[in-house]
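Consider the single chain below, provided in structure tokens and representing the form predicted alone.
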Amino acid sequence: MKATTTPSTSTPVAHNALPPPSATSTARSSRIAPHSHIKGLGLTAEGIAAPDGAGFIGQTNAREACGVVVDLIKSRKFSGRALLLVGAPGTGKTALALAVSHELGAKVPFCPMVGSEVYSTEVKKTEVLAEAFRRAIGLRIKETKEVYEGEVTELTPTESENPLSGYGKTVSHVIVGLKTVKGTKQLRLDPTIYEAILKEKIVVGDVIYVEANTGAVKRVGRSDAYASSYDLESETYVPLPKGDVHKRKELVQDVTLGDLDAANARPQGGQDIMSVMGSLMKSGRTEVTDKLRREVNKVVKGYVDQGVAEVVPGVVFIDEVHMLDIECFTYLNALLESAMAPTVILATNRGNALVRGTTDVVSPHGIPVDLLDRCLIVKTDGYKPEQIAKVVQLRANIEGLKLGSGVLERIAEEGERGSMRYALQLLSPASILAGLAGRSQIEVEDIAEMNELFLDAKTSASNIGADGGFDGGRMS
């Protein structure tokens, strides 16, 4: 947020006063997330990490290691394994996982979750994990359909007397003329297809296609022969289809196994009042049985064997994995060994910690040793002051903020003393103070005032007295 209103010199404005809304306050703006600047791993063709690439600053070893994992995933040689990202808070573990998803592309399913999500009052812990794994396995279904495609040249409904009564007429059939670059064809269609044509608001000059098997009608757009010279058009113009009117078309549909499980698990109740009331009384989430999943897997395997579908293993990202308990870790081992298992990326900031759900099992990163043995472990490093300065400048550019002289160095010092997250959090509030003071850029005094208003984690911890209470006197 950046204010542009200059306060009046006659009336003093407190530092927490809101400026009046500007004329541009109604402009539409998109939300900027903490990792909006991450676009990928920023690797060269040889797999070498550039010091500054794709939104990443530093972390060259971790990025190169994740680049190797991306190559393994693309070559289908990493399924059923796990990658563990370890490091201090604010060193880019979540950013690395998101960068891996960017490198794999939008077609590969990526299912992020936090370790605490498994604790639900509606479903079991293991069910939440199993559901996340199923949503991370994609199924690309290729289907060849016979369609009639072309520009509508004629749309003539033929009416006949209604046989059920002596009043009115009904549509007995409809004549549709379709034209392509190669030729024309006249179709005699069922009246139910005419209803679909009316629902799609199809008129002469539109480009449509009709599925031969189901009779489904789809309007593609307006033929570009009817395009006008207006600067603003509400219509989508498409070129005249090539080839014959009657053709075979290959359609590709992407779903996940989780979608198939949910579609088959949802009960199809009757239309009586008891069925409707029962569906209203049921909980929002239902557990999917292992028997149903086995049946879905059997059907999917049949599609794959016929060459109709292709399985696309995706990625499950579990952040704060130390929040899982011993039961979840045991189930996670079983899921990793299953025939249909995605790639698993785990992240934690713990050192030696007690495994949740036990009283005496202390393990590195709070993860049992048997699961650690299955993981490739990548360590993230802390940031140097010059790297913090680069990250701050990058975030300022993303948020559209201007920094005055000396501000970058001052924020980098704060990041080294406290944490990089604290340094980044100072940017937006400091821009508000600068706007209230009538400046278009952040100055050093804005950062100094931010330090008076807010505390970083280390300063707050140092104010805790020896008895564990808060020592308010040390604030001054």
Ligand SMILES: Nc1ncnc2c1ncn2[C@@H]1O[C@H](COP(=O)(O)OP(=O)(O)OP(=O)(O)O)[C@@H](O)[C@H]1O
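Throughout, we count residues from 1 along the sequence that is shown. Since the model is a prediction, treat every value here as computed from it, not as a measurement.
Below, we turn to the form predicted in complex with the ligand, even though it does not appear here.
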Contact flag, residue 89 vs the ligand in the model of the complex, heavy atom cut 4.5 Å: yes
Close approach of residue 134 to the ligand in the model of the complex, 4.5 Å, heavy atom: no
Residue 41, heavy atom within 4.5 angstroms of the ligand in the model of the complex: no
4.5 angstroms heavy atom contact with the ligand in the model of the complex for residue 433: no
Contact assignment for the ligand in the model of the complex, among 79, 126, 180, 349, heavy atom within 4.5 Å: 349
The ligand: the contacting residue among 206, 320, 149, 261 in the model of the complex [heavy atom, 4.5 Å]: 320
Site check 118, 331 and 356: each within 4.5 Å of the ligand in the model of the complex by heavy atom: no
Which of 93 to 101, 68 to 76, 138 to 146, 190 to 198 lines the interface with the ligand in the model of the complex (heavy atom within 4.5 Å): 93 to 101
Sequence-ordered residues of 373 to 410 touching the ligand in the model of the complex, heavy atom within 4.5 Å: 383, 391
